[in-house]
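To begin, one chain is listed below as structure tokens, in the form predicted on its own.
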């Protein structure tokens, strides 16, 4: 049996979990064993939703002490379920929670864990293809262990439902948890008060880096973003300077974006930044340095001072809109 850890919101599986289930079903098929899932809180419709991707049984964790996300409690619940079911492998989505929960499980069981996998050939040892360095490198690896533990890289697997889903049956699972398992838990989610188009949803993103010079100079970039109905982003350097909030950061430790057009202004193009914007269809770089890494990655580049280029762009766009 293959066990999958599924995240859901009110019974609707997260996209990263659906992608994971597609790969998990393939692994189950290679072993010729059923695919099952573990969820926390049932959520109306979750069994039907995951059943469409080949899950036959959903194990719903039920414990009075678990109110919301609690990484150690969730991991110990999965750990106990693994001891009971003895699956060939446990797969989780490559989300923050998926990585954290499965890492705890790996530590508890003394097993290796492979993160951000794209392809699996099952056997006594698993032959894996997985992402490294934020997706800039693909690694071929072998995963061994009594139970294989792996997470699936998000936004990389094409989801595919089964032809004739029967729906999954549900089974309640009650773990035995100690006080220390419940010592860490989610208490409150604080929503960002930033206005505008979210970075992850924007078709156009305008970003600024250290070359912008100050928080006040971002006004020119914000004006350009408004004119283009774009989102505003920044590099880590601008965040470290205190010019922008972390919510605006594009990069390995910030947002991953995939707009139709990305306009980085005064950004050098470090590897960590490029990890965040590698999904962009087109990059228009504005930079004074023709040797900057961002220029090498760009589809189009303006080698000039952003403080001259951006105001000129703003004026040209306003004139075009006024004349339309």
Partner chain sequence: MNILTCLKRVPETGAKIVLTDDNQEIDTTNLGFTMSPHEECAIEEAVQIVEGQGGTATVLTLGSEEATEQVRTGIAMQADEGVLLETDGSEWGPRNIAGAIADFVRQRMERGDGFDLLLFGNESADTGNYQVGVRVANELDLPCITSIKDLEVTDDGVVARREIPRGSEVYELDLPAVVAVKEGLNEPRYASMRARMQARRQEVKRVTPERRHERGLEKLSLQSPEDDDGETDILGDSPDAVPAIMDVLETDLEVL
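What we label the rigid core is the largest C-alpha set whose atoms superpose within 1.5 Å from one form to the other. Numbering follows the first chain given and starts at 1. Quantities reported herein were computed from a predicted structural model and do not represent experimental measurements.
Beyond the structure shown, there is the form predicted together with the partner chain, which is absent from this document and is the topic of what follows.
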Among 42, 261, 66, 33, which has any heavy atom within 4.5 Å of the partner chain in the model of the complex?
261
Within 4.5 Å of the partner chain in the model of the complex, heavy atoms considered, which of 180, 146, 219, 160?
180
Counting only non-hydrogen atoms and a 4.5 angstroms cut-off, does residue 112 reach the partner chain in the model of the complex?
yes
In the model of the complex, does residue 62 have a heavy atom within 4.5 Å of the partner chain?
no
Would you please decide whether residue 131 lies within 4.5 angstroms of the partner chain in the model of the complex, comparing each non-hydrogen atom pair?
yes
Is residue 210 close enough to touch the partner chain in the model of the complex, meaning at least one heavy atom pair within 4.5 Å?
no
Since the chain is shown here on its own, which stretch among 81-89, 160-168, 198-206, 211-219 would lie within 4.5 Å of the partner chain in the model of the complex, judged by heavy atoms?
198-206
Each of 1, 46 and 232 within 4.5 Å of the partner chain in the model of the complex, by any heavy atom, yes or no?
no
Does any residue in 235-250 get within 4.5 Å of the partner chain in the model of the complex, counting heavy atoms only, and if so which ones?
236, 246, 247, 249
Does residue 102 move appreciably between the shown form and the other one, meaning a CA displacement of 2 Å or more on the superposed rigid core?
no
Rigid-core frame, C-alpha of residue 313, shift of 2 angstroms or more between the shown form and the other one
yes
After fitting the rigid core, is the C-alpha of residue 141 off by 2 Å or more between the shown form and the other one?
no
